[in-house]
Structures are given as structure tokens and as C-alpha cells.
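The chain below stands alone and is given in C-alpha cells; this is the form predicted alone.
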């Protein structure tokens, strides 16, 4: 579904991603872990061109999205994105936050979008919050709404950029539960996270990044129980 070839990204003289080639198959749950500053979030944000690569190509669903002629907005409609800090519109109700994009992009008429929003809110246990505003919700509730908002566009893949790192510890579980449910339903997911339990339980593949490179990757059982690279072993010894 996503094919990355020789991806590099620099900010000025600072090389953040160094010649990464990677692929994500339909239905995979790829979990990206690594120390802060290793390039994880930049890698994720390049997948939908929120960051423009310095070099290399990215192909999504057969279309080379790094081609200047590609309609990146059309591509992004199929790639749901969930950020660390929710990024909900504070001046809009929860229902409006969810329905805005599907209606604006003519994916749905307003009444269809309202119906879909109600169904999605019911699914995450927040149906009664439809007319509330983001500031009236807890962080965990806001992040569940952010996930629902991305799902309203019926994406083919969901990208999560450290979706629980801004939350109080007791709210992390409710967000991870929604993500686990998505995984069980077969959604293709790329997740940058510090939640090792989630990586082990939900991931089909774990990538370890450091210094702008993918140093090691494997299915979760082998990755956590038998890491091969010394840098991976050192990292896991500090976080597990």
C-alpha cells in the first residue's frame, strides 16, 4: 500500500532521515519506536507529505505521491492522521469537527455525515458528546474524537503520531483500546509510539529507528525477545 524508496529529509544542514527504503502492506500494523529525535515522526509525516522529502520517492496505492503533479489533497483523504495534540477545531462542536471534512470534500451530504458521525461516536462511547466543544472533554475523549474524525473520511490507512504521549497515564488505555479495535477490524496502521505493550500486542511488525535510520525490524515476538542490534538491546533495556 505504501512503498518508500531512498527517502531522505534534511532541515538545513541537519539530516533527519537517511536513505530509508520501506514498505507497508495492506492490513499491516507497523509500529515505529525509538529514542526522541530518531526521525520517527518525520518519517510518518513524510508518508502523507506533511513534510516534503529532500530526496526519494513515496508511492501510495500505486500512485507516486512525491511526483509534483500528484494531487496530494486527494491522497490525504485516504490517509487518516492522528496527532499528538488532537488538533480539533476549538470553535466547533464535536459533531461539526467530524462532519466538516466529509461534507467539504463532497464525500457525503450533511445528513449522511451527521448519521456517520453519530455511529462513529457511539462506537467510541461518546455519542452524548456530539454537541459539546473540545474544551469540555478530557484529553482521552478528545483523542478518541480525533481518531473518529479521521475515520469519517473512510481512509485506507491510519497514521498515528504518538497519539497517547500528551495524555495523563489513566487516559492512555481508553485511546489504545480504540486503536486495538481498529487493528482487529483489519485497518492498515502506522503507529509512532512509546507504548511497548501496544507494539507487542497489536503490531504485525516493529521498526526501531535511531539517527534517521531503521536499524532493526521484526515481528513483535522476535523483536522484543531476541533483538539483534546492540543499539536496540540498549534501548529496550531502558524502556521495558
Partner chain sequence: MLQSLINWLEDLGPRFYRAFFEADRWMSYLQGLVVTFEITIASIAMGLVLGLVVAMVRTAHDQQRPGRRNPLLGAVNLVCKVYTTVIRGTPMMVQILIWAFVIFKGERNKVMVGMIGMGVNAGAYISEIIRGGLMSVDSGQSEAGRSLGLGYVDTMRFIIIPQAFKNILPSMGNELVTLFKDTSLVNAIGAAEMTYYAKRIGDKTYDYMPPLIGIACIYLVFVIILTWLQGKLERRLRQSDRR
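All figures in this text were calculated on a predicted structure; none of them were measured in a lab. Residue numbers count along the first chain shown, from 1.
What comes next is about the form predicted together with its partner chain, which does not appear here.
Three-residue site 171, 180 and 204 fully in contact with its partner chain in the predicted bound form at 4.5 Å by heavy atom: Judged in the predicted bound form, none of 171, 180 and 204 sits within 4.5 Å of its partner chain.
4.5 Å heavy atom contact, residue 123 to its partner chain in the predicted bound form: Contact with its partner chain, no.
4.5 Å heavy atom contact, residue 92 and its partner chain in the predicted bound form: Although its partner chain is absent here, residue 92 would touch it in the predicted bound form, with heavy atoms inside 4.5 Å.
Residue contact check: residue 79 to its partner chain in the predicted bound form, 4.5 Å heavy atom: Residue-level check for residue 79: yes, a contact with its partner chain.
Contact label in the predicted bound form: residue 36 to its partner chain, heavy atom within 4.5 Å: No, residue 36 sits far enough from its partner chain in the predicted bound form that none of its heavy atoms falls within 4.5 Å.
Options 22-30, 194-202, 47-55, 211-219; stretch whose heavy atom lies within 4.5 Å of its partner chain in the predicted bound form: Heavy-atom contact with the partner occurs in 47-55.
Contact assignment for its partner chain in the predicted bound form, among 116, 108, 130, 150, heavy atom within 4.5 Å: Residue within 4.5 Å of the partner: 150.
Contacts with its partner chain in the predicted bound form - residues in 49-74 whose heavy atoms fall within 4.5 Å: If the 4.5 Å heavy-atom criterion is applied to its partner chain in the predicted bound form, 49-74 yields 49, 50, 52, 68, 70, 72, 73.
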